[in-house]
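First comes one chain, alone, set out as structure tokens in the form predicted alone.
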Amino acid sequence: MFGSNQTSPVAEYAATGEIERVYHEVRQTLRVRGINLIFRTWAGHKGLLPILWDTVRPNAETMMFEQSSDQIRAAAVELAKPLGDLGAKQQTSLGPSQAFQLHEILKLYHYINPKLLLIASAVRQGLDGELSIKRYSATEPAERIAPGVPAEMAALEMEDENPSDEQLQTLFSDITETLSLRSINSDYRSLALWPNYLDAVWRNLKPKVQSPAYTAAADHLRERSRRLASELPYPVPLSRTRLEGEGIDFDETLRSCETFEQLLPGLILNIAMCLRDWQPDDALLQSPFPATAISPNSQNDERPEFTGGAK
């Protein structure tokens, strides 16, 4: 994805130095028990991930960011309704433990994907120079959320990107070819831990993702994210001069952001459609892991020490 300087995405277990530091902050700030492909991909290009993360992190720490993500998630549920039911859960034989674990994984993605889309939109607009000046300052901090991974959140576990099982290989190939993906996304790799369920999901999802109604719903979600990103409280001061001064390919970085901004609305819709087999729509409109605001009395304190979650 980054031309001649491209390296492979950096897995969590392989992270060291600044990448390990950013991965830890991502888990704590975004309140998620794992690192998604967008960060693993940016980590694959020397020096890029720390710059992008450190620039967008002040916004990601705010209650406004959390509430904006909540709006994207709720919009996805509403947009998923007219796309119809999947029925994948009803078509798959799952034991009680399997069903519980699978439901928890779906809730994890229902929570984190809107945040990833908002970050992609904020970084892209930052690269475009649209978010260089904002209304808040260091002496007028926006309300922050309490960091830390929710204790009840499932671990972000995934099948190998190149599974040994031939049926999964075929399924992954069909997904990547149909959706024109460079690689299989984390969502599908997690659902592949229950291969029969992923097979049922994709069998019902495939005709929907190729419909005009699905494309319109994804476009609507993307535009919603761009508008919400433009309203975040802190600037995202990125520029060609800054990135190229660090030896980073600006154009490739911009294309990477655009790719994730193009990809994530569909993933958010897919998870919403999956979860409609498991929970009533009214419940899905609410955050599965509501955040707590830090007391206003501590707003001017130093950033709290991060705690909890795998490091």
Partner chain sequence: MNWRDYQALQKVTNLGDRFVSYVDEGSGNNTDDDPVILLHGIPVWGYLWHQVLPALATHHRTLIPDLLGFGFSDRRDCFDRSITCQAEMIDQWMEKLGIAQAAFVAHDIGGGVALRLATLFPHRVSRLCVMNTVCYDSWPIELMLQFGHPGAKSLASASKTITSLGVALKSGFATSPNSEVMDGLLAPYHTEVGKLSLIRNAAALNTNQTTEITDRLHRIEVPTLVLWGEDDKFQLAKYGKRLATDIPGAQWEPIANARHFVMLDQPTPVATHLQSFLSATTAAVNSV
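Because the structure is predicted, anything quoted here is derived from the model rather than measured. Numbering follows the first chain given and starts at 1.
Keep in mind that the form predicted together with its partner chain is not shown, yet the notes after this line are about it.
In the predicted bound form, its partner chain sits beyond 4.5 Å of every heavy atom of R276. A residue is said to contact a partner when one of its heavy atoms sits within 4.5 Å of a partner heavy atom; R33 meets this definition for its partner chain in the predicted bound form.
The closest heavy atom approach of Y197 to its partner chain in the predicted bound form falls outside 4.5 Å. Although the partner is absent here, E152 is a contact residue: one of its heavy atoms lies within 4.5 angstroms of its partner chain in the predicted bound form. A single residue from the set P82, P207, G95, P212 has any heavy atom within 4.5 angstroms of its partner chain in the predicted bound form; that residue is G95.
In summary, among the residues A146, A74, L193, A216, the only one with a non-hydrogen atom within 4.5 Å of its partner chain in the predicted bound form is L193. Contact with its partner chain in the predicted bound form, judged as any non-hydrogen atom within 4.5 angstroms, is confined among 112 to 120, 236 to 244, 170 to 178, 97 to 105 to 97 to 105.
Contact annotation for 155 to 174: residues with any non-hydrogen atom within 4.5 angstroms of its partner chain in the predicted bound form are A155, L156, E157, M158, E159, D160, listed in sequence order.
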